[in-house]
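Only one chain is included here, represented as structure tokens and corresponding to the form predicted alone.
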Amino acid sequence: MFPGVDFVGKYRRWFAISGVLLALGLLAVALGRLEFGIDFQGGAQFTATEADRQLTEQEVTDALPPGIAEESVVTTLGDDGYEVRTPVLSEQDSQEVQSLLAEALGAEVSATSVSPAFGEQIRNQALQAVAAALLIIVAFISIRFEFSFAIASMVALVHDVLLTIGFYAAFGREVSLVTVVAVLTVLGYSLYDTIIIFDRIRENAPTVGYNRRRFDEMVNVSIRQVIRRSIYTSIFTLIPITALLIFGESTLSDFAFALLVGILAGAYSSIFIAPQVLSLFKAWRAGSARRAPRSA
């Protein structure tokens, strides 16, 4: 498959495509479009289901007390459900909001509050979980393959995570605990896809000596041998995720969106980023080894 494509030799082209997408995503983050939910910054969430009255999001906002309405976000859940997120409220304000929503919608309203300190704790734990996962992955690949493969895998994983976060910000999706689960899932999928290609590279690698031209040709051949499987796996994985994105409610839709972007990024990086980084790193290390005796 793709016999005429020089996957390794055209690495500047693939890196440029990723660079543009990453720049757009990071620009969205820099512009403050990455919105953290109450799981991370604290706040209150009110959920109404089976409402008797069908109101627009603006009408629900108008039902909230002045001073709270301006800082609240209202989301419809299906045909008769609503979710209202506000900043941190006192007990009295929370009860007032709950009562006003119940009266306006004709439905029972449940309330959930998260303090800013708890939100910060959750955020730190999420970052620690991602960092621990990356360290374990580096150790595993270094043992299973070699350190150069671990470096290439890390570059691909960071690429996938940054691309997912960037697109998440660009489309104004809210970051919640579900998003963290999605990102960890993306890490696993991306690594799985990359390992398939690395396994074939290791099987095809010559047992003695290193020659860049021969190594790059071998990497091209290895990619062609597994690219069909990689593409088909990604397509069949994306079908149910796309259905979840289209038909799921807000939380499921956010989860599906992160998975959709992450898996597409993972499929791309496993073919167009990780093998190329591996080739470049090996070439750099071989060049360093050749220069070392002359400089000694």
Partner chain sequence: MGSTRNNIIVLGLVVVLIGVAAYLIFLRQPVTQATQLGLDLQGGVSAQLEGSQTGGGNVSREEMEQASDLIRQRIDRLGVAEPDVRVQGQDQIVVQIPGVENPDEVIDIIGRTAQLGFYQVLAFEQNPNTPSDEIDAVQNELEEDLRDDDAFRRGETKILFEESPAFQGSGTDVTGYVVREQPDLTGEELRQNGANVEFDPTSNNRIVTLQLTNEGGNRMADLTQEIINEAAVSGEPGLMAIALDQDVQSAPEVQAVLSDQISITNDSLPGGLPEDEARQLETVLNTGALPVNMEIISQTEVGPTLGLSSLRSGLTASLVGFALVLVLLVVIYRALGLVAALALLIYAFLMWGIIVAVPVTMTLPGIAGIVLSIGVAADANVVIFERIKEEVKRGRTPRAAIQAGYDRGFRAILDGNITTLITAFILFALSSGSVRGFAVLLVIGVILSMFTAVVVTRALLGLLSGRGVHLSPGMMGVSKSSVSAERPAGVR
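Under this definition, the rigid core comprises the largest set of C-alpha atoms superposing within 1.5 Å between the forms. The model shown is predicted, which means the values in this text are computed figures rather than measured ones. Positions refer to the first chain, counted from 1.
Note that the form predicted in complex with its partner chain isn't included here; everything after this is about it.
For the residues F140, Y210, F147, F171, the 4.5 Å heavy atom test against its partner chain in the model of the complex is passed only by F140. Annotated contacts: T61, E120 and A267 are all free of its partner chain in the model of the complex [non-hydrogen atom within 4.5 angstroms]. Within 4.5 Å of some heavy atom of its partner chain in the model of the complex lies at least one heavy atom of Q98.
In the model of the complex, none of the heavy atoms of D79 sits within 4.5 Å of a heavy atom of its partner chain. Its partner chain is not drawn, but in the model of the complex it has a heavy atom within 4.5 Å of G188. Contact annotation: L244 falls within 4.5 Å of its partner chain in the model of the complex, judged by heavy atom distances. Look at 267-275, 27-35, 53-61, 229-237: in the model of the complex, residues with non-hydrogen atoms within 4.5 angstroms of its partner chain sit in 229-237. Along 176-201, these residues reach a heavy atom to within 4.5 Å of its partner chain in the model of the complex: L177, V181, L184, T185, L187, G188, L191, Y192, I195, I196, D199, R200. Once both forms are fitted on their core, a CA shift of 2 Å or more is seen for A111 between the shown form and the other one.
After superposition on the rigid core, the Cα atom of D199 is displaced by less than 2 Å between the shown form and the other one. With the core held fixed, the Cα of D80 is displaced between the shown form and the other one by 2 Å or more.
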